[in-house]
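Take a look at this single chain in structure tokens; it is the form predicted on its own.
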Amino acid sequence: MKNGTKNIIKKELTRVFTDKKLILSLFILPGVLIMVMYSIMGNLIDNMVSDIGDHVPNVYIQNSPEGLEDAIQAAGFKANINYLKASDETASVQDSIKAGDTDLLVVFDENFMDTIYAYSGNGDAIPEVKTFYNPSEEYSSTARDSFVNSALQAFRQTLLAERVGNVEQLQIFYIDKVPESSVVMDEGKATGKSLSMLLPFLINILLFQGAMSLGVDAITGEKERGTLSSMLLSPIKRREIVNGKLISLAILTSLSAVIYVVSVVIGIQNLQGGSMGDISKLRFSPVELVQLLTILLVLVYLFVAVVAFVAVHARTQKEAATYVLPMYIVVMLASIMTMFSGGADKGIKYFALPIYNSCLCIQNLLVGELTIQQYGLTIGTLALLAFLVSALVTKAFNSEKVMFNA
């Protein structure tokens, strides 16, 4: 590395790391805010779940058959239950459910038990239990599910036992009586699969966001302040200035992205109570670690070069931010596509699509399925594009018209 490039890198890093406000705004504050945001969201979700669990539903039951109350008690279904006669109107109750004041209305057919006892299997009528609930209300949905799966199920088993004598006669075979004993899973791969839905998207977004915030200030900002003009008049070659700017921006972007990604992962774990799996179960071989590091480095350099190309052509930071925004949206869309690809077969041609291919590579790395062909094509595509954009940035730096806003 030439001395001119080293001096530029040293200058850029010194400028950032000696400014306490920049350190706070670029590295510390965003990470803290991300974790605080997810912590607050997690607490709100926990409170909502607890509130639903503690809520005692208001339930109306019309034409309650004999034995239902015993089944409700045996099932442990707790609710404020109001029993209605066949002659009672239910329109007002349904309106109350719609308004969210009542949770559930259960209507048994008239002569429910008589119909059951009269059944002979020769096309006789089968009585119905109708439930009215509001799926847009959590209290109502939970009350309906709980009543159907506990109280009604217990009542049905009781009536079946009366009809056939031994309910076990209807049970031809069991399927996984102990479901936990049937699970055969690689915990590391399962965790990687969970993280692969979100982490590649976040990495791309955070890397570009870091490059965008740093690159605009480091190039367009210096053009506005006049410091870049004096640098261009120094003995340092302009190619060295470009290399120094891009490398220093890549270092700073990588550092900020690492902080953001760690904050997001910690936040997600806290938010979902570890439902995405235990990150400590993830295992990467030395080769996979090198592959991941290489993908991220090439991706960072590409993003920095793209932002630098836009920033060097802009006259003001506001103008640069306006030009960069469409590119940010493109990166976001390309990254979002991988979130919903699921288990679809990803042909080798998709690994030639810049940005999208980086997400696919990280996804496959997390589940241990990245092939040499996929990795090589991704690195080659990203590196080639980064080289071409860097060449355009150097060409722009050599243009007096561009650099001095002539």
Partner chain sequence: MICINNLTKVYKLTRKQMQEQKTKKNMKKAVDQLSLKAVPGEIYGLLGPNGAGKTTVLRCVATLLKPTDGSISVGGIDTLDKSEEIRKKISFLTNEIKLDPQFSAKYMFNFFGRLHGLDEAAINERREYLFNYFGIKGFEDKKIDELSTGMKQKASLAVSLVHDPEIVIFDEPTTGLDIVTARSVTDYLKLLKEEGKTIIISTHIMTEAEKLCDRIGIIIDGRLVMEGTLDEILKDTNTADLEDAFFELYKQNSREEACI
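Numbering follows the first chain given and starts at 1. Only a predicted model underlies this, so the values are computations on that prediction, with no experimental measurement involved.
There is also a form predicted together with its partner chain; it is not shown, and the following applies to it.
Engineer: Heavy atom to heavy atom, is Ser25 within 4.5 Å of its partner chain in the predicted complex?
Structural biologist: Result no; Ser25 lies far from its partner chain in the predicted complex.
Engineer: Does any part of Ser234 reach within 4.5 Å of its partner chain in the predicted complex? Heavy atoms only, please.
Structural biologist: Within the cut-off, so yes.
Engineer: Can you work out whether Ser230 and its partner chain are in contact in the predicted complex, taking contact to mean some heavy atom pair no more than 4.5 Å apart?
Structural biologist: Because a heavy atom of Ser230 falls inside 4.5 Å of its partner chain in the predicted complex, the answer is yes.
Engineer: Does Arg156 reach its partner chain in the predicted complex, with heavy atoms at most 4.5 Å apart?
Structural biologist: Because no heavy atom of Arg156 falls inside 4.5 Å of its partner chain in the predicted complex, the answer is no.
Engineer: Among the candidate stretches 69-77, 236-244, 143-151, 102-110, which one is within 4.5 Å of its partner chain in the predicted complex when only heavy atoms are counted?
Structural biologist: Residues of 236-244 come within 4.5 Å of the partner.
Engineer: Does its partner chain come within 4.5 Å of a heavy atom in each of Ser50, Asp95 and Lys98 in the predicted complex?
Structural biologist: Zero of three within 4.5 Å in the predicted complex.
Engineer: Tell me, which of Arg225, Lys130, Lys177, Arg163 has a heavy atom within 4.5 angstroms of its partner chain in the predicted complex?
Structural biologist: Of the candidates Arg225, Lys130, Lys177, Arg163, Arg225 is the one lying within 4.5 Å of its partner chain in the predicted complex.
Engineer: For a quick check, can you give me the residues of 389-403 that have a heavy atom within 4.5 Å of its partner chain in the predicted complex?
Structural biologist: Going through 389-403 in order - heavy atoms within 4.5 Å of its partner chain in the predicted complex - the hits are Asn398, Glu400, Lys401.
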